[in-house]
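Next up, structure tokens for two forms of one chain, structure 1 and then structure 2.
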Structure 1
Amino acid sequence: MLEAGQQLVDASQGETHIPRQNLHSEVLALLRTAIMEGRFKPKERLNERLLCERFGISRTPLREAFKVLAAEGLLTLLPNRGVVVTTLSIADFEATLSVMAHLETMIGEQAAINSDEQTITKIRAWHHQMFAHFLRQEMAPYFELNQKIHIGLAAATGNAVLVSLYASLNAKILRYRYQANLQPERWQAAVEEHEDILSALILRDAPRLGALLRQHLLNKGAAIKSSLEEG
């Protein structure tokens, strides 16, 4: 069964209604996370009936979620033959990486300029927490904080469109990371890159932060790609 009532009221906007979530969006979020975390693997077929039983819902909201995830590029609809988790071709993967590299540059340059002090403090705190998890070699919480930092940097630009675009593209490639096993030396290097990123943010060095984020992404992408080609 789906847990109701976990949605919090977002009172940030004055006129907004109380966000009584509907089933469709809850299932959507659930599936999106499952795909991103690799619990549904690329090429895997999703069975409507089984998922309906699992979630305790009918086919209608599930199918609505399928359509949205297909539009996001996480699922592929096969007419009359169901849905499968989208498989990125190498070309797709590289195309996505190439666009993201530009977005990362944009994020770095604008975050360095537009971040307020509290945001920087927050990101610094996340960084140190993440570092602690690295020292203890705790992969899952490390990933989680890593994500927080990157989304936090995107948010620090103050550009909501940039955030959602970044998150959406990130989802498409990030799920491959759960398949790719992170090599120890790459992990070490990533942490060092994060040290530089943090210091560029604190110094508000816009060109440098942009370049660092860009390179960090490209390195991560290369690591995932090589790991996938081996596996």
Structure 2
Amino acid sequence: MLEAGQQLVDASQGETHIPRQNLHSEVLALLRTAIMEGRFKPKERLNERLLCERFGISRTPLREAFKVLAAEGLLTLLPNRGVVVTTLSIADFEATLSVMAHLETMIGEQAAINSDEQTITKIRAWHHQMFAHFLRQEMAPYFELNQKIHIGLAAATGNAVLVSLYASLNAKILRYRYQANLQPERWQAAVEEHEDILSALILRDAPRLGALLRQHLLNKGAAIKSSLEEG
């Protein structure tokens, strides 16, 4: 079995080293994506030496990225023992999901009321782009737009505290949300749910949008919980 770090080296297929001015943001993005896509597994230890060789960097920017990912809940820093990919227990997942379900309801209700035409137009465009990626079965760009839509709806509430709390909790389950869509049936269902979500937003139907966002999360949560139980 390959050590963590070697997997990313192999997956890179010979990409060049990161330009020095982009060190922090690029390393952070690459590691976050690798964790989200499941190339680094829960409880897997990251090999600093291999990652530094891959990126052509010193340990300082790598460790800075580790700290950010630890704050997001994706990595766990073990004093004098390195870094491992965080494991989310079923109990922690259910607790997080319970709170997020309430937030989704609030987001839907407030976004429907507070969204202006420019916001709706932007989210509609993201939705159509996302759907195009779904038709081509392009998971990574699909998921990027999916998250733009969800964060965009939260931002449309105009409630900074709600946005911050939602983003923090969402980061904890981000990789599980991504991997749930690897199930073809769930991915198809998620796209259909997003069609209904967009329709409710356009109609500014606050109760319906809140209910749809809540159920969308719970449906995905059921798929995630199943994978956690199998793991």
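What you are looking at is a predicted structure, and each value in this text was computed from that prediction instead of being measured. C-alpha atoms forming the largest set that superposes within 1.5 Å between two forms make up the rigid core. Please note that residue numbering is based on structure 1, beginning with 1 at the start of its sequence.
Structures 1 and 2, same chain in two forms; the form predicted alone is found in structure 2.
The rigid-part assignment of residue 117 differs from that of residue 78 in the two-part motion between structures 1 and 2, each C-alpha going to the superposition fitting it better. Rigid-body analysis of C-alpha superpositions between structures 1 and 2 gives a rotation of the smaller part of 16 degrees. Look at residue 177: with the core superposed, its C-alpha moves 3.7 Å between structures 1 and 2.
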